[in-house]
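In the form predicted on its own, a lone chain appears below as C-alpha cells.
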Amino acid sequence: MKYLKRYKWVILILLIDIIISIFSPSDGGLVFKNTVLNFRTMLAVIPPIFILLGLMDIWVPREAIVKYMGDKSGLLGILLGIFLGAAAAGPLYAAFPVAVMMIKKGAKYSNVISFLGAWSTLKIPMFLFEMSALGLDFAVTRWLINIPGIILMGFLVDWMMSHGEKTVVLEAVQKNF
C-alpha cells in the first residue's frame, strides 16, 4: 500500500496509456512510446540535479544563503535569484528541487520565486536564440517586461503567505528533503 501511494502518479499515467491502447491501439502505441521517452528524459536529468543538490548542501553553508538570499538580503537577493535562474540549465522541473534546497537553507520566499521565474522565462540560451530568430528588440523587450513581473510575483507571494503557511512549507521541506 505504501508503494501504491508513493507511485500513484506513475501508475495513473500507465493506466491512462493502457486505456488509450485498448480504445485506439495505434494511438496507444504512440502515447506509450512518448511516455517512455519522457521518463527516460527525466531519469537523465534528475540524478545529476540531486548530485548537485547534495554538493550544494555540503559546500554552501546556511549562513551564506541567509546572508545573500535571506530575509535581509534586499535587492542583492532578488538579483542573485534572477541571475541563478537565468544562468541555470535544464528543464523547469529540475528547478524545484533547487528551490526546495534554497528554502531549506534559509532563502527568502520572494528570492526563491524570483529564481523560479527567471529559470522559466529568462534562460540565457533562450535569449540568444530569440535574438537570432526574432531580433534584438524583441528579446530585450521580453526581458524588460519579464524582470519586473518576476520581481513583483516574488514580492506578492512573500507578502500573501502568512507566517503559518511559511512555517508549514519549511516543516514539509525539512521533513521530506
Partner chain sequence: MSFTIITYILAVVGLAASFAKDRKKTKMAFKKSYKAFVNIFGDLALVLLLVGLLMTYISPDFIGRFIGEESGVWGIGLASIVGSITLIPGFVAFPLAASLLKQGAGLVPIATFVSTLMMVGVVTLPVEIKYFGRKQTFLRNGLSFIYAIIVALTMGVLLS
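For the two forms, the rigid core is made up of the largest set of C-alpha atoms that agree within 1.5 Å on superposition. Positions refer to the first chain, counted from 1. Only a predicted model underlies this, so the values are computations on that prediction, with no experimental measurement involved.
Although not depicted, the form predicted in complex with its partner chain is the subject of the following passage.
- Interface residue remark: P97 is counted as part of the site for its partner chain in the model of the complex, having a heavy atom within 4.5 Å.
- Taking the partner from elsewhere, E63 is found to have every heavy atom lying beyond 4.5 Å of its partner chain in the model of the complex.
- Shown alone here, M160 lies within 4.5 Å of its partner chain in the model of the complex, counting heavy atoms only.
- For the chain shown alone, F83 is not a contact residue for its partner chain in the model of the complex, no non-hydrogen atom being within 4.5 angstroms.
- Annotation for 80-113: interface residues with its partner chain in the model of the complex are A87, A88, A89, L92, Y93, F96, P97, A99, V100, I103, K104, Y109, I113 [heavy atom within 4.5 Å].
- In a rigid-core overlay of the protein, V169 has its C-alpha displaced by under 2 Å between the shown form and the other one.
- Once the cores line up, the CA of V140 ends up 2 angstroms or more apart between the shown form and the other one.
- Between this form and the other one, the CA-CA gap for K8 and M102 widens by 3 Å or more, being larger in the model of the complex.
- Inter-residue distance, F129 to N38 (Cα): reduced by at least 3 Å in the model of the complex versus the depicted form.
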